[in-house]
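Below you will find one chain, with nothing else, as structure tokens; this is the form predicted alone, and questions on how it binds or moves follow later.
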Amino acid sequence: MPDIRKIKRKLKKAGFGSIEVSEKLGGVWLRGELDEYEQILECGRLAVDKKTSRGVINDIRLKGYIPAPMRIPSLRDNLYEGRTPDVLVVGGGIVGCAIARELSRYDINVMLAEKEYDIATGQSARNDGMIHAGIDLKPDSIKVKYNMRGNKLYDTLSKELDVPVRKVGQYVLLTKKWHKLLYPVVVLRARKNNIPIRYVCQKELDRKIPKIGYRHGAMFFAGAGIVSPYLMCIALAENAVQNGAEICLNTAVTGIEHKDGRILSVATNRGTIYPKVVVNAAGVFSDVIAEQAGDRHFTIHPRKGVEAILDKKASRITDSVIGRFAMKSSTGKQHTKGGGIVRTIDGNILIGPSAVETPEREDESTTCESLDEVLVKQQGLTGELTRSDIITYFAGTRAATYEEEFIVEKSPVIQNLVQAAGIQSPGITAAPAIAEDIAKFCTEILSETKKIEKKKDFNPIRKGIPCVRELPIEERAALIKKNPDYGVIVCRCEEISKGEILDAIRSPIPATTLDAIKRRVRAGMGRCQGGFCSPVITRMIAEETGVGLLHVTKKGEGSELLTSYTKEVANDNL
């Protein structure tokens, strides 16, 4: 049990004596009202007690502020009314999709509910795609345990799911001369988690990184890698579908009925579902789902990060990952590992992210100031970064708890609730390992009432859409001969063919928006950002799905591309 008196004293000493502090569900419950959001965050940090408390439940209100409600689709139907899956996974990010795939190994009924128009639209798509080596994580943390297990699983996942993964390593630049003295300490820390490490002299760095900003050498971690996070998420989900799981898009959880320590039903905008087990993998809304389910012992305080993508001509900067040496761990009071420069799996350079606390869970806005902050900070690493090379930028919110830790558990309060919450960086790396444990928890709960067996016909292999531009000339010619659509280039910047786009639209989880197609085959991700290919792709979506041109969207409801016709068209259905 948390020491409530001790926490009250800490808050009073910091000037927050008006805040009410009590115990709830084994955690510290804060209530009251304050003038500034930073004050609310500080109270949450002061209330952390990892030894005796399950977490911080921060219900302090910001005076005069009403947060925006969760985005919910306007769609209302009874498509899933009365369904009784063995497991309902809430959330279609990489953790939820990895869990669905792991569960599809068993002879059970699995549904995944995602409120957005596609999977991987939140923080699972809005990150740098780095597979972390783990050196910046506290040696005994939950994060590092899952990071190291997940890192090792990626080679197998790459082969099974046909998603490229490259272990390119990470250079951590020493920013001060005396940092060299700490190298032996870092080596000891690396050995504890079996992380490969070596010192890189300045002469070698100069060959690897042009116009490098620091002159004191670096540490190199060969275990770091890169992957397309959204493509891996899509592959996990598609393989889950191929093995019997059901992905329910545009399906938002609006309420959960529970009684006597058990979840009875889950209300959605598409009907009420009656699952035997519920998995909470809802990202920035995971504390909201936990509250509805009856076991909220933590609070998500969203952390926004801005990142920028550079043109492929900037790929000369590095073929790896570059970051700075930091004295603090990312699982401590520091809120970020500092960002850096990443050569993405697709050959672009990505810089960032920043880290700004925000009261809004779905704040994906960017400003000139936030972009400049990212650029200026990373220009310190190399003089090769220029604003003119930026072709796009984006922001995403991370699901941080006040403990800065993952929550991976069977609920001790609600018998059929399993939580995978607070999953922020290194969530991409950790997701496969988290999924293994969550699936184990689910089958243990289900085993209490029936025998659970693995499927004899589970197929871990998923074949991806062919990347025509990367095929050898002979294979490309054979593919085009078999299907001429692969010889028709639609996206000139990325050299994406009509055949690849049609494959995306016809895939196990159909891509029916411009952004969904972009995530699967990169059409529209080049220098012109879809300026030339978007009209063609829009018409292809309309023709393949049978919807009118006016109903094709960029990223789901409310992002329709066209408003009206300016002249008659031959096909009235368009």
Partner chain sequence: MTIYKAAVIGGGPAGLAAALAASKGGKVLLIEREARLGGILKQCVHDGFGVIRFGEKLSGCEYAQRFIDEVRSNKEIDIRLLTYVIGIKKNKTFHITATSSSGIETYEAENLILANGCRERTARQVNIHGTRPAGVMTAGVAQNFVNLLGVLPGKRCVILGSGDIGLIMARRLTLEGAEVLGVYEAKNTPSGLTRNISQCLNDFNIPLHLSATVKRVFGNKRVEAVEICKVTEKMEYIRGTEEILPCDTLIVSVGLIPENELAESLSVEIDPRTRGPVVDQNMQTMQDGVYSVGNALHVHDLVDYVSETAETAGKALLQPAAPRELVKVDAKGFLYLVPQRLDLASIKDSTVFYFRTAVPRKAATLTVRANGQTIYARNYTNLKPPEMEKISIPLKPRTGEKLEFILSDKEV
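Numbering follows the first chain given and starts at 1. All values derive from a computational prediction rather than experimental measurement.
Absent from the display: the form predicted in complex with the partner chain. The rest refers to it.
**Q** Going by a heavy atom distance of 4.5 Å, is Q529 a contact of the partner chain in the predicted bound form?
**A** Residue-level check for Q529: yes, a contact with the partner chain.
**Q** R189 near the partner chain in the predicted bound form, any heavy atom under 4.5 Å?
**A** Outside the cut-off, so no.
**Q** Would you please decide whether D346 lies within 4.5 angstroms of the partner chain in the predicted bound form, comparing each non-hydrogen atom pair?
**A** Although the partner chain is absent here, D346 would stay clear of it in the predicted bound form, with no heavy atoms inside 4.5 Å.
**Q** Using heavy atoms and a 4.5 Å limit, would one call G558 a contact residue for the partner chain in the predicted bound form?
**A** Residue-level check for G558: yes, a contact with the partner chain.
**Q** Scan A267, V356, L79, V488 and let me know which has any heavy atom within 4.5 Å of the partner chain in the predicted bound form.
**A** Of the listed residues, the single hit is V488.
**Q** Within 4.5 Å of the partner chain in the predicted bound form, heavy atoms considered, which of F394, Y183, F458, Y274?
**A** By the 4.5 Å heavy-atom cutoff, the listed residue in contact is F394.
**Q** At 4.5 Å between heavy atoms, only one of the stretches 406 to 414, 361 to 369, 237 to 245, 200 to 208 reaches the partner chain in the predicted bound form; which one is it?
**A** The contacting stretch here is 361 to 369.
**Q** Would you check whether the partner chain, in the predicted bound form, lies within 4.5 angstroms of a non-hydrogen atom from each of M70, K312 and S315?
**A** No, the whole trio is out of contact, none within 4.5 Å by any heavy atom.
**Q** Quick one: name the residues from 121 to 155 with any non-hydrogen atom within 4.5 angstroms of the partner chain in the predicted bound form.
**A** Going through 121 to 155 in order - heavy atoms within 4.5 Å of the partner chain in the predicted bound form - there is one hit, R126.
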